[in-house]
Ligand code: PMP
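Next up: just one chain, as structure tokens, the form predicted on its own.
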């Protein structure tokens, strides 16, 4: 699914076949989850293949490394050009790009002695599909920001996400909605969250969530289209009186939510503010004008 015998990836300064790439089994990332990564998308736009917000993603990768003490020397521009090379060498146009920074062998809990950088790409549809998703409130909370750097995209943090998603699927739902350590709504396991109520979009503030690049794009869309949006804390009970809701993230893009804990929203998705944002987002990533999208 992710590679074949001809797939090329970037690893530590070289372009190599994925099937020939190797790593030391004693690396800190494999044993302790001490590594960072990004998820980025490339699109076949009206102006050719374009990686959406490449520099923002690679700046966040650098920031994640800085926050958890992982040495990192590549610039955003270098990694952007390498990513375009990975796409070209694999003849990919609409693709998902995965940069990974993983630590060298070290069985102690001390700072890494060195790191490797890998960038791979593959064709991957929307993470949550194209249909509205059924969501439950997870029993798993997002980590307390006093225990980890929640704003860093760290490999080990995603055990928390896997547990929440698996719980949701075992309960018959498509995805989970997680709370923070104070009981406020935080985000999905791999996406940020917005809900609509009486003509205003609401989303949790930074502090207990990953600062999503797609989330920031949604905020920019709202400002440009004069759509009211407010960042605030709210309890899950408030969502049962909401008009609509959606997840957003690089892998998921913009995906509407059908129901939470089996309760559907009052407004049809096609008439929601989220649907307008979804259409505008499609236009942006494809380098098209979205001036025709009317609020």
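Bear in mind the structure is a predicted one, so any value in this text is a computation, not a measurement. Residue numbers count along the first chain shown, from 1.
Absent from the display: the form predicted in complex with the named molecule. The rest refers to it.
query = Of 207-215, 163-171, 108-116, 130-138, which is the one stretch near the named molecule in the model of the complex, taking non-hydrogen atoms within 4.5 angstroms as near?
reply = Answer to the contact question: 207-215.
key: Candidate from 29, 64, 244, 250 lying within 4.5 Å of the named molecule in the model of the complex - any heavy atom   = None of the others qualify; the residue that does is 250.
query = Three residues, 93, 126 and 278; all within 4.5 Å of the named molecule in the model of the complex via heavy atoms?
reply = Judged in the model of the complex, none of 93, 126 and 278 sits within 4.5 Å of the named molecule.
ask   = Heavy atoms within 4.5 Å of the named molecule in the model of the complex: does residue 192 have any?
value = Output for residue 192 is yes: heavy atoms within 4.5 Å of the named molecule.
task = Determine whether any heavy atom of residue 184 comes within 4.5 Å of a heavy atom of the named molecule in the model of the complex, and answer yes or no.
result = Result no; residue 184 lies far from the named molecule in the model of the complex.
ask   = Should residue 158 be classed as touching the named molecule in the model of the complex when contacts are defined as heavy atoms within 4.5 Å?
value = Residue-level check for residue 158: yes, a contact with the named molecule.
Residues within stretch 135-154 having a non-hydrogen atom within 4.5 Å of the named molecule in the model of the complex = Counting only heavy atoms within 4.5 Å of the named molecule in the model of the complex, the contacting residues of 135-154 are 142, 153.
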